[in-house]
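Quick heads-up: it's one chain on its own, the form predicted on its own, in structure tokens.
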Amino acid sequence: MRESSYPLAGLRQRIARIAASGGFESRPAEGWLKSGHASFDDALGGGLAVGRCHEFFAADALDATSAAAFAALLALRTPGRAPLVWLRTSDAGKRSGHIYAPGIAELGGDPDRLLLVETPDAKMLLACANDAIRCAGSAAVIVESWGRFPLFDLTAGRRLALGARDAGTTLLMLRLNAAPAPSVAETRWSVAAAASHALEANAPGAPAFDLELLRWRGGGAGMRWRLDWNHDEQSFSPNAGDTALSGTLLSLPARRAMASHGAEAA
């Protein structure tokens, strides 16, 4: 059976060409994708495991942009110039906003590394994810979905996870307007927007995120962090308004009801 249709085979070839010209050798095939926040990375044994599947759930529908931003910034910390593949359906921009290359550059990321692929529906999204994750040249693959995404069941998840492991590509499943459910993910996170702290002259503060570790195969869940994105360092750092924030010591406000999740995906 052919694994790829003609368009998907084209996607593979394009990623391979980008990788060949962008330093495939610089992409770590194993190890850790570090946030840059020492206690966060230490608590996870070094960071998020490379070549594994990690899920990021928006705490509620209003946090979709924050969850997407956190996954993107984390992926952009992958060293080297190997491409980052972001897969979403063509109607995603209407729901969670369009991906704006100058905005990524403003945050310190390199938009030239980002290969955006929009698919007509969720079925093609999953097919593209299976192909993209097996492209050894990509550093990370972000798969953005909206709603329950029933096609992404345990069987499909296992297939993606095996592909990520074999290719050494980190898979970041961005689950928007969806409720957490059993999966093969190495880690599962809830992401929400946090209050940022104004800079000098009342300039807008750094993007800030509330994170809760919902599941971790390598250890316990329930740890929480509040992180800022440091543009100059291109890394995450402790929130400017807090002093001792790592682990379970951090008390975050109760999140909005998860019951709002679960609207059917397109």
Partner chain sequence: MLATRRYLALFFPFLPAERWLRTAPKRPDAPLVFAEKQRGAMRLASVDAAALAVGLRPGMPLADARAQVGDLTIVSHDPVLDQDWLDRLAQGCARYTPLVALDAPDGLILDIAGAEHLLGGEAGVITDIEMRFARLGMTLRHALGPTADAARALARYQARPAPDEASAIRRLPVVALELDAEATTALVRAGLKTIGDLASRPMANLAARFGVDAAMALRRILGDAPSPLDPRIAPPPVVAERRFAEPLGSTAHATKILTELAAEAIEDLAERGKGGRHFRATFFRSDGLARTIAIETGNPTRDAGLVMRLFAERMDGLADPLDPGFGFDMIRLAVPRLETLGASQLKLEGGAVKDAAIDELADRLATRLGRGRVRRFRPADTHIPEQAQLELPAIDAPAPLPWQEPDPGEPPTRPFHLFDPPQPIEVIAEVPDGPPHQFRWRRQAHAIRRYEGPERIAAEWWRRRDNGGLTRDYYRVEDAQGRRFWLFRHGLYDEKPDPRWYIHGVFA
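Since the structure is predicted, the reported quantities are computational estimates derived from the model, not experimental observations. Positions refer to the first chain, counted from 1. Between two forms, the rigid core is defined as the largest C-alpha subset superposing within 1.5 Å.
What comes next is about the form predicted in complex with its partner chain, which does not appear here.
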Residue contact check: Phe152 to its partner chain in the predicted complex, 4.5 Å heavy atom: no
Contact label in the predicted complex: Glu55 to its partner chain, heavy atom within 4.5 Å: no
In the predicted complex, does Leu162 come within 4.5 Å of its partner chain, counting heavy atoms only? no
Can you check whether Ala198 is within 4.5 Å of its partner chain in the predicted complex, heavy atom basis? yes
Who in 169 to 206 is close to its partner chain in the predicted complex, meaning a heavy atom within 4.5 Å? Ala193, Ala194, Ala195, Ser196, His197, Ala198, Leu199, Ala201, Asn202, Ala203, Pro204, Gly205, Ala206
When you overlay the rigid core, is the Cα of Asp232 off by 2 Å or more between this form and the one not shown? no
Honestly, after the rigid core fit, is Leu199 moving at least 2 Å at Cα between this form and the one not shown? yes
